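There is one chain below, alone, in structure tokens, taken in the form predicted on its own.
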Amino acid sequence: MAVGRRRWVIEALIDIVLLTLLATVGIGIVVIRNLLAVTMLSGIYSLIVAVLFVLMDAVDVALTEAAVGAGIMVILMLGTIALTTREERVHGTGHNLLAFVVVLITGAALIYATLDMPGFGDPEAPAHTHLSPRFTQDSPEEIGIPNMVTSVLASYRGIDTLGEVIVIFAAAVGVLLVLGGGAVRRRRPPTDADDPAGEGRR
């Protein structure tokens, strides 16, 4: 009993430290104006989130977060910075009170919605009493795939997975459009080498 409590305390301390780092990095991303530093902090943020997913036994989600958030996203952002500028341009716009109120209402609604959620690790939660037995026991016969994760993602949550793929594809297209625009080309005045016959001056 004492060993289990000690382990719980250690895990709680690790979670608190990681969440504190997560909040600190998030504040840094908002405050810092250097886009290169923001890109590096975004990669650190994704790695911390991946560690939290590992602690919650969601290793597959952690691998995805590390690959996409700390890998591909950082590379794309660095490519974008190489084509634009490293410093964020600050516009002198006033604070939008309506947007602040909307954010507060949305955040309060999300927090209120979490009150109906079952306790973390509750064995009597609906996900453990209904969904888990169905997926673990019946999915090999219903879907014909021995891997339970694959059957859930490809069949039970097929529409949701399709939506995620569409979102990722749209994001990739947007990034390619931004990167494909190229850097702003500086125009130089024409010289005699460009127009040897002098036709442009006639």
Partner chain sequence: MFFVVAVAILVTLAFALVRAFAGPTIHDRILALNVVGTKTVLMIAVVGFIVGRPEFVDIAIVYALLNYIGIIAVLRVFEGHGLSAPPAEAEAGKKERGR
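Predicted model, so just to flag it, every value in this text is computed and none were measured. Residue numbers count along the first chain shown, from 1.
The discussion below concerns the form predicted together with the partner chain, not included here.
K.L.:
Quick check on this chain: which one of P118, G79, G107, P123 has a heavy atom within 4.5 Å of the partner chain in the predicted bound form?
P.N.:
Checking each option against the partner chain in the predicted bound form, the one that comes within 4.5 Å is G79.
K.L.:
Taking 4.5 angstroms as the cut-off for heavy atoms, does R5 touch the partner chain in the predicted bound form?
P.N.:
R5 lies outside the contact set for the partner chain.
K.L.:
Whether I75 contacts the partner chain in the predicted bound form should be assessed with a 4.5 Å heavy atom distance threshold; does it?
P.N.:
Yes, I75 is a contact residue.
K.L.:
Given that the partner chain is not shown alongside this chain, does R86 nevertheless sit within 4.5 Å of it in the predicted bound form, heavy atom to heavy atom?
P.N.:
Contact check for R86: yes, within 4.5 Å of the partner chain in the predicted bound form.
K.L.:
Determine the residues of 121 to 154 with a heavy atom within 4.5 Å of the partner chain in the predicted bound form and present them in sequence order; the list may be empty.
P.N.:
Contacts from 121 to 154: none.
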